[in-house]
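A single chain comes next, written as structure tokens; it is the form predicted on its own.
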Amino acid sequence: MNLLNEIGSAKNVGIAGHIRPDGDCISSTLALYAYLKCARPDIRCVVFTQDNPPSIFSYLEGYDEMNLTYSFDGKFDVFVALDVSSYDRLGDALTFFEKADKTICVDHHETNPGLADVNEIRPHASSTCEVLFELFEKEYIDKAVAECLFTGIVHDSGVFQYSNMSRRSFEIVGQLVEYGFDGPKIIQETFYEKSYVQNQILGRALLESILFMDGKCIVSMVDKKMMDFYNVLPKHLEGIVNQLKNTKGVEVAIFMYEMGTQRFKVSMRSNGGVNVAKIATLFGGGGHDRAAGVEMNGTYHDIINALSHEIEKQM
């Protein structure tokens, strides 16, 4: 895909990622925003985000200009969905996407069927930010764009440790760091650094985790009461499932938090023996073979029983 050619003579472009945005989602939307400011300064760009974006990403250019209220009159000439694998993941931005004269989707989720008029989906890429780097014309990449792209790759690769990091991924990271931003600071302050309360609820989740299936699976759950007690939001629970996955002997880690009465957000991580994306897809979710998520209804035990049944089929 030639991204600039696909955008063509558009006068206004809408950009959105998925609901409950993570590092790659925030970074990819702001990377495209910063890129178009360099390449096509005549375009009016609006970046929508479903939830208040995590403040750890406030150093990224365009962070303070994101539209949190979904206020926009008229329709967009082009609307770009980034890191979005299904229509429902667009949240309130779906209306703008459906009304746009032309839609583009750039993603790296293997479960993405192709949502837009024009799609660039690369399941083997480390992140949507990696895909964007390949689509961007290098003359329009400046420090702000590079910083966004680097941040997205850092977060969706677990600081370069996941299997989605290829030789090409490392080559791209090497090119990005030459733009002069402080990469180690970004990694420390946006990926590793946690607040005292975040560490408390992480400890609670680990303390109350349960091993099952002969120690090959581990699960932990945080209910609404616990979240209220520690005064944390869903965005503060990032990283818990990855820590669970690091348990010796575990093939699959599951972390759940309560969204409402008998409704849970479920995150799954695999060490390679189980394709958790296939399992998530069965229940209406999606993701990657080693990292996937889904929203499920039922009791905690009902959900674990349903997931265990599917995990066992792959063991």
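Counting begins at 1, following the sequence as shown. Just so we're clear, the structure is a prediction, and the values are computed from it rather than from any experiment.
One more form of this protein, predicted in complex with adenosine monophosphate (AMP), exists but is not displayed; see below.
Enquirer: Among 261-269, 27-35, 65-73, 48-56, which stretch sits within 4.5 Å of adenosine monophosphate (AMP) in the predicted bound form, heavy atoms only?
Expert: Of the options, only 261-269 has residues within 4.5 Å of the partner.
Enquirer: Is it the case that residue 10, even though its partner is missing from this view, gets within 4.5 Å of adenosine monophosphate (AMP) in the predicted bound form, heavy atoms only?
Expert: Residue 10: no, not in contact with adenosine monophosphate (AMP) in the predicted bound form.
Enquirer: Considering only heavy atoms, tell me if residue 292 and adenosine monophosphate (AMP) come within 4.5 Å of each other in the predicted bound form.
Expert: Contact check for residue 292: yes, within 4.5 Å of adenosine monophosphate (AMP) in the predicted bound form.
Enquirer: Does any part of residue 109 reach within 4.5 Å of adenosine monophosphate (AMP) in the predicted bound form? Heavy atoms only, please.
Expert: The answer is yes: residue 109 has a heavy atom within 4.5 Å of adenosine monophosphate (AMP).
Enquirer: Is residue 155 near adenosine monophosphate (AMP)? Define near as a heavy atom within 4.5 Å, in the predicted bound form.
Expert: Residue 155: no contact with adenosine monophosphate (AMP) in the predicted bound form.
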